[in-house]
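The chain that follows stands alone, in the form predicted alone, written as structure tokens.
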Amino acid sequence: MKKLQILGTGCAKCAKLAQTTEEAAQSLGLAYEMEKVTDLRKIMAFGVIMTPALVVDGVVKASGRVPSSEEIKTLLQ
């Protein structure tokens, strides 16, 4: 099971990243658990300066932007 984390303070881009990531994971048929991380100290612990960010299994895969659905699918595999 993949652990997906969306890092961000709850802005519109953060919500869009969460939605796009969920759709991508479902279209790939992945078993996943999604967590939204809004605590700034936890976000900074990942070394992320710009949100939103996508973390897959503890590794930051994208930061400061909302990747396309196709790019997210690649990042999840």
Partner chain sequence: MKSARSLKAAVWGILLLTAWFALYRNLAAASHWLTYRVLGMTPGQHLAAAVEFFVFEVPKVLLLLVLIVFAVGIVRSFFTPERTRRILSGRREFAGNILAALLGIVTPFCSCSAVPLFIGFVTTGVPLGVTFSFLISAPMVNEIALVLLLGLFGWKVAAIYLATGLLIALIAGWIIGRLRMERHVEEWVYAVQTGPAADDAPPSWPERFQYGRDAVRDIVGKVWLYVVLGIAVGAGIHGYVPEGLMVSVMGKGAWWSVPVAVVMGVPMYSNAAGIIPIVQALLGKGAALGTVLAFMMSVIGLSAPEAVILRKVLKWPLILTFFGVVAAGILLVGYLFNAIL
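Positions refer to the first chain, counted from 1. From a predicted model like this one, the values you see are computed outputs, not experimental measurements.
One more form of this protein should be noted, the form predicted in complex with the partner chain, which is absent from this view; the next part is about it.
Peer 1: Given that the partner chain is not shown alongside this chain, does Met44 nevertheless sit within 4.5 Å of it in the model of the complex, heavy atom to heavy atom?
Peer 2: Contact with the partner chain, yes.
Peer 1: In the model of the complex, does Leu40 have a heavy atom within 4.5 Å of the partner chain?
Peer 2: Yes, Leu40 sits close enough to the partner chain in the model of the complex that at least one of its heavy atoms falls within 4.5 Å.
Peer 1: May I ask you to state whether Val60 is within 4.5 Å of the partner chain in the model of the complex, using heavy atom distances?
Peer 2: Result yes; Val60 sits at the interface with the partner chain in the model of the complex.
Peer 1: Does the partner chain come within 4.5 Å of any heavy atom of Gln19 in the model of the complex?
Peer 2: Flag for Gln19 set to no.
Peer 1: Using the arrangement in the model of the complex, list in sequence order the residues of 5-27 with any heavy atom within 4.5 angstroms of the partner chain.
Peer 2: Thr9, Cys11, Lys13, in sequence order.
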